[in-house]
Structures are given as C-alpha cells and as structure tokens.
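The structure tokens that follow cover one protein chain in two forms, given apart as structure 1 and structure 2.
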Structure 1
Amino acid sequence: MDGKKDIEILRIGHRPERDKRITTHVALTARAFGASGIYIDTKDPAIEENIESVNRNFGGKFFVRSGIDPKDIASKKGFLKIHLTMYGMPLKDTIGKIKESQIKTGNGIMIIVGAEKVPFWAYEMSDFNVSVTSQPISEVSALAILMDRLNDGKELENLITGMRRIIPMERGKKVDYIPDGEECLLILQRNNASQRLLDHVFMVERLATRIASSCNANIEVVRAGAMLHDIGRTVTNGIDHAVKGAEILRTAKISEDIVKIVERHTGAGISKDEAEKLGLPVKDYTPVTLEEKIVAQADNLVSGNKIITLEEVVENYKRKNLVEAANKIVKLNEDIEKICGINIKEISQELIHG
C-alpha cells in the first residue's frame, strides 16, 4: 500500500483458557503479513513468550502487549481503525476507500479483531467496519485476506531474517540455522574454546561486522562466521583446523553459509592443488561470497586479539617465505575495497582508536 505506515492489531475478547491457540495464530499471521505488533486485552504471558520466541528464532521486532485497556488503544491518534466483522461492509467495496483515506491522512492502520462478542463501542469508534465475507470465517483467515489486500501482496516479499530460515524445497523440509552472537558464544563454550580463542574471535567479529556494515553484506552471516571461524582450533591448531571447524558446524546443523565461511577463511583461501599438497580433502577452499571474503580478511588483520596493518600481515607471510600467499591477501583486500567502496585500513584505525 503506497505511503503506508505501521499496521497494528487490537485483539478484543481474548480468553486465555479458550483462545490461546487462535490468538497466537492471529499474532503469527499479523507478524508474517507485515504488522508491527499486536495488543491483546487480557493478560497472557504465555502468548507473549511464544511470539518473542518466534522473533528470536526467525527475526523481526514484532511486539506483543497483553493486559491492556482495549478502548485506550482504540483511541490512539494517528491510526485509521478497521474493525473486522461479518456484519460490516464488503471488503471489495471498502478497500479502495481505506487506501485513499490512509494516503490522504498519512495515518497508520489499526485492525480490530474480535474473539468473543465485540462491544458496541468497537463499531462506533472504527472508521471502517469491514466484512471479508458474509459467511462464517476464521478471524485468522479474515485478517490474512485484509492485510494482503492492504499491501497488494507485497507483504509476501518481506523476508524477515533471523537465526532460522525456511529453505524453499519442492519436497522435504530444510531449516537454515544462523546463530546470533549469544548462540555463537554458547557453541564455542560447549566446544571448550579457550579464553585466548574467544578474545581472538571477538576482535575478528568486531572488525568483520564493521566492514560488513559499510557495504551490502549480510551482517548476521558475517557475525556468526567471524565468531565461529576458528572453532576447529578447539580440536587442532593445524592447517586442517578450518576443515575440522566446518565438520563441527555441519554436525550441529549450522547454516551452510556459515560453514563455508569457516571452511574457506584460511589466509586468502587455499586452492585445490594447494589442498592436495597440504593433505587436506581435495577441493577449492577459496572464499567466494562477500561474507566469506570479509571474514577471511578480518581474520588476516587480527593477530591474537589485536588489529594489525595489512603491511604487517604481508611482512609476516614473507618472513615465512609465503610470498604467493601474501600477494593473495593483498588482492583479497583490494577486492573487498572495490566491491564495497571502502578503505579497510581506515575502518581498522577507527576500531583501534575507539
């Protein structure tokens, strides 16, 4: 809907002993179809926790407030009030008027959804009493249809990002798990990461997310990849630590986006030929995605828990007679800067000096 502001839901007549499931579904539908939150007249901590858990896992900032005075909420300024009722005017005859009024006033939308018998004031206070159909219908279905019409179907393109993503498949089920910072820390602790290792990954995460925030990179993927990039060092400090780390994360069902970051973070990547010489499983370990490149370079620029310059990194590699690897790291730095239009050295200095 052009020029739309927030859409909020007011749930009236909720009975915790009878309506917990259906009111939860009203809230989930509102969240999925682009509403910013729901007010529920009767206090129900269980529903609040259920929806907050969905937010934690699947992302978004959808709010739930229960135990409120519904008449006070319905009196909020800056919102057109739409009451869903089978006794209202047909949706097909009112949707155009609703959109015109919303554009003219610049107001948000508050949708009133009843459970048991709705008080008469809801009809009187509403700008529009709307019927999706004159036939008996679930309030969940009615809300979904109304919100779809309000948003012209665009709400289905609203991809909320969180720790878990459903991967579309013709058959079967697949959930992509991207742990947040707290979850990453728990994963590291469960694998007995040392404090030294934690100090290192925290600094890599700071630098990597700062770089990611300066360009069109997925910050949540970068954060998780940076924090978990050295989890393989909980079992080995050898050249195979990245491979071991990838194995740990695959076993834990972590997103393949994160696994690839971990597997490909060594230096500026390891080619298939180099992998064979090093005794690694024979395949290409070169970072491909922007997120993979950012984490690899952030790791290159952090020694222990301190950020160092690219010049220092190159000097350290050359001192070990790893000239080709040093050149690849310089090229990786240039690639990221070109893609993002940034200066990584300036970002590093900003972090160092506060």
Structure 2
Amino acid sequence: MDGKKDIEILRIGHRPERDKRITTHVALTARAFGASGIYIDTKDPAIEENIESVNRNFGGKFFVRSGIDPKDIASKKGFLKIHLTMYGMPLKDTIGKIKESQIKTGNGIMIIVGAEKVPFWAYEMSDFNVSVTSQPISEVSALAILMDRLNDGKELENLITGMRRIIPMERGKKVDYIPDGEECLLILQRNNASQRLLDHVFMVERLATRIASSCNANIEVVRAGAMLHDIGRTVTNGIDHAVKGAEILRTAKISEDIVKIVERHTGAGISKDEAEKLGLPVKDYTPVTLEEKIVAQADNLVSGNKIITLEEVVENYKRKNLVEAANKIVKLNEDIEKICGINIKEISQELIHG
C-alpha cells in the first residue's frame, strides 16, 4: 500500500471444516487493509473462489493460494517475518523496530497467523514474534491492528476501487455499480447491440480513456460511460437515444455517474430550451463532470469506428446547418484541454498512428 513493499499473510493450521469462516475473515481483512495476498496451508478451494468473487466486485488483485507448504513460504526471501502470537513481544514496543528494519532492508512483510496450535518452527523462523496484547484475541483483530500500525492508518482511505462502490451513508445502504469493460460488453450484448455499434463504442472508449488518463479523471467511470454511451441505439436511432440509454441503465441499477454520461453525451449537450423543442423530457442535458465532457467529446471525434478531426466535426455540423451545436463542440474541446492541460488533437494522432 502507498508505494510500500508487499504485505503477505501466511495462515497456518487452517482446518477447512472448522475455520472456513474465520480464515475467510483473515483474508478479507488482509485484502481490505492493503495486503497483496494470503497463503493458506490446507487446500480450501471455497475460500479461493469466495475471495476471487470479492475481487471481481470490489476491485484489487488480492491472491489466495491454499494447499501450500507453510515452511516453504516462510522461507521466502525478501520478506521480514512477523508472527502474531499472544506470547510475543508487545506491538507497541516492536512496531518501530519493524519499520526501521523494513526501511533498512527494503523487504516486504510476511505476517504469520495461526488457527490451531502454531508449531515451534514459526517462532524460530520469524524475525519478530509480536503480541497485540498478552490476552488471547482473534487473529482477525490482531491482524487488523498490526496492519493499521504498519500502514499508519492509510487503509482507512479506501484505496481499492472496483465495480461495486459503497457510498457511505449516515443510515441505510447504497452501492454504486460501475461495470468493467467485460461487464459493459455483456450488457451491450444482452441488449442486442450490433457489430457496427460495438465497433463505434470500442473506438470511443479508446479515445476517451486515453484522454482521461492524461487528466485527473476517473478512468473506470469514463470507460463504462464510453462503452455504454450509445446503448439507447439498440432501441432507437433518434435524438432520444441518449434518454432511452439512460433509462436502460437506470433499470439495470448502473451508477448514476455512468447514467449521466449517457444522458448528456449528445453533441456538446442539449439545453433545456432545445430539449423542449426536440420533444425530449424537459431538462438540461449539458455535460457537467469532467468524465461526462470527455465521453461526449470523444464521441464527437469518432465517426463510425474512425477518429476524425475537430475541423471535420465542425464541417459536418455546419453542412447540416447546425452552427450553434458546432460552436458548442469547439468550446467543449477548449474546455477539456484547459482543465487537463492537454492537446486533444495530439492525443488523437498518437492513437491513430499507434
């Protein structure tokens, strides 16, 4: 976490029939607090699958390897071994030494936690035998407190991001769903998107994410917004396709951040007055967030599955007598370039020429 060396966990004495739940909790805590993975001595595919599903939904690449030789893992080079045991030296007196040693050696950290009685070799092989208190407590709480001290509380900043994002609430539950590229493709296919539509959204996604990575924009939100921006075209090719697309995604409980991108992607946005004239539900469809602006402009700059220049976009609009809309697209381009300090034409050219 935070540029620091890896933290790995070694779980010894796991008994699948008794410890499935608590070992899963050790893994979940390790994952949420920034460890890169856990080794479990006894084979337990159920825990591996369970954590893999948490990764898929909530992000990160936390690994679980079960059915390993714990002595082999404990001999792994490049790691300081910290064995959590109520019989060890107090954490408050050892944490400073652990950090010093970590800085001096540049090593990662392997935290050893037991389930049943821990064999003596674990005490001998460890660089530090550490007690959180001298009272027996749960390995989950011992691990959480040690990792919190190792991370200086950084894990509380919720650094892992994934498809499902919990929105903190005073009361109640809210989960935001931001589908990844694979999920977006499935959603498009389930809605019978044509190959032509897929080719277009793939190119918009490439350009939009390239622009987003040069700005301080949320890439996951931009990716999903770009891939799903034209999902409404699976039901209509009219000016209302953005509104229809937003409806489809709201029904599928996709994050409102994505829904708004889709709803506001037409040209450089549609004002409330224009919406009324066009027979759309009367509201302002102007892109507001940076992510909304990026997807709208990437879409303007992709015709079919080809990237075109801003000048070509303007020419196309003017040819259809849409001068006002053309001016708005030029302004949107300037707006994004100013916010991000980039040149969109250069980015487009880089993408075209590989």
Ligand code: SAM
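When a residue number appears, read it as a position in the sequence of structure 1, where counting begins at 1. We call the rigid core the largest set of C-alpha positions that still match within 1.5 Å between the two forms. Since we're looking at a predicted model, the values are computed, not measured.
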Between structures 1 and 2, the form predicted alone corresponds to structure 1
Superposing on the rigid core, is the Cα displacement of Asp93 between structure 1 and structure 2 2 Å or more? yes
Quick check: Asn107 between structure 1 and structure 2 - does its CA shift reach 2 Å or more after fitting the rigid core? yes
Please determine whether the C-alpha atom of Arg149 is displaced by 2 Å or more between structure 1 and structure 2 following superposition on the rigid core. yes
